[in-house]
Structure formats: structure tokens, C-alpha cells
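The data below hold one chain only, encoded as C-alpha cells and taken in the form predicted alone.
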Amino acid sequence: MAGASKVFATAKAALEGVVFDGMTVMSGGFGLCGIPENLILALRDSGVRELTVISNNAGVDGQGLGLLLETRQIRKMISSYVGENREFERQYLAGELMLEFNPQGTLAERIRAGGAGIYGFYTKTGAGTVVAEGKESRVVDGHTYILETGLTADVALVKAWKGDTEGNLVYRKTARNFNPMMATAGRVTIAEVEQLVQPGELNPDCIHTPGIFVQRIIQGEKYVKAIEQRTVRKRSAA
């Protein structure tokens, strides 16, 4: 008997039955590049609260995960970079938002480890700093390493350029950032794609995330693809 379809008509439908208060969510992207715009909006509109969100950053004010900060749906962020977001800063300094900081490479490896079923790993990054506080450490060949544990999530939300109805995904350029590793680390992975095609239409050698990791998929729409900052060099005099 054929398996159930992974394709859902809307982001709202794709989230039904898998989101709940207090859940842990991974959200792909780097800044505003490669973020699951439609799924973030649907998560906001679902009204779920007390979320722990694992993401490189929390978007900016009014965009990306910043939308969930505005509605006070996030209880804790596990992040690498939190600049350029005034609401994030306000909530954190007021004691309204919990924050677990990670060096960027460490965060990526923690997610990869979680997806690979690896409990943890030792790294020199952060040794001797506040990052190491409360963590197991050991000295090897005269160098101090700290233990970092793998990360998983109840739901991983990822964004890809193309995908097929079996959930195979292809990311485009720098949108291939945290998305591939997060796709492996969610108990349920939901992908949104710009182009949804039939099985066999993707070049197998170009697939970045095999469909076995993806449980639900939607074709997104109305992408803004905002840029956090744009710097333009002044024109030289004619």
C-alpha cells in the first residue's frame, strides 16, 4: 500500500497536529537568508507559546523569527548571533527571554551531532570563557576541551529552493546554511520550497537533503527575501 502523501496545501495545514505549547523548534536560515518565511508566519498564527527556538539568530525586528518575539511566543533562544534586533535585546535585558549562546560553528556541529545520533563532542572553542561555564571539560595534550551536546527538536522548519513530492531537497547558494543539518535533527521535519516537482525531476547528484529526513512539504509563496542591511557605495563624480 502506498504511503501517505508528504505534500500539504498550506503552511497552516503542514503544522497541524505537530505543534504544541512548550515545544522545541529548529528554524533554518542565516539572518534573513534561506528562512522558512511561510512556516514562520503559520507558526505565529497558530498561537503556540513558550517555545524554545534553535536558530542561528532571531531575525530582525518585524521579520523572520522577530515576528514571534513581537507576539511573545518564544521563551528561550539557542542562538549564535542576536544583533540587529531591538525587541530581542529589550526582552533579554528585561529578563523576559532566556538565551543560550553558542559559537556559530559549535551550534552547527551540535545540530549535526543531534541529527546523527551523537550525544556530544569535545571542542576547544569557548574553553576558558563564559561559554564553558557549567560544562564538562578535559585536558588533552595540554589543551582544554569542553563537552558540547547534540541538539534535536520536536519540529524542524527548513527552506529549500527545489523539492520533490517525496521530500528530496535542493538548496540554492547561501540558503544552504543551517537548513541541511536541521532537516536531519527534527523529530518531524517540515520543508517549504519555491519549486515543487515530481520524483525523478531532480538530479540525484544535486540533492542535498534526502527525502527520508522530511515528513511534510509545502510549496511556499509570496517570498519577500528581505536583506538585513544593504550598503551601497556612493557614485563617483562624473
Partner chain sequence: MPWNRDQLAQRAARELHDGFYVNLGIGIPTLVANYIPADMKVVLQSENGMLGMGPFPYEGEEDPDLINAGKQTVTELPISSYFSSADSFAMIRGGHIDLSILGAMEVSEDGDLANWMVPGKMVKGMGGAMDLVAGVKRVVVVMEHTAKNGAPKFKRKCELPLTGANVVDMIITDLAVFAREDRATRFKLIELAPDVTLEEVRAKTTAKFD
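Residue numbers count along the first chain shown, from 1. In this text the structure is predicted, and so the values were computed from the model without any measurement.
In what follows, reference is made to the form predicted together with its partner chain, a form of this protein that is not presented.
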Does residue 73 reach its partner chain in the predicted complex if we count a contact as any heavy atom within 4.5 Å? no
Do residue 112 and its partner chain share at least one heavy atom pair within 4.5 Å in the predicted complex? yes
4.5 angstroms heavy atom contact with its partner chain in the predicted complex for residue 31: yes
Indicate whether its partner chain has at least one heavy atom within 4.5 Å of a heavy atom of residue 207 in the predicted complex. yes
Is its partner chain in the predicted complex near all of 106, 130 and 176, within 4.5 Å of a heavy atom of each? yes
Using a 4.5 Å cut-off on any heavy atom, which residues of 114-131 would contact its partner chain in the predicted complex? 115, 116, 117, 118, 123, 124, 125, 126, 127, 128, 129, 130, 131
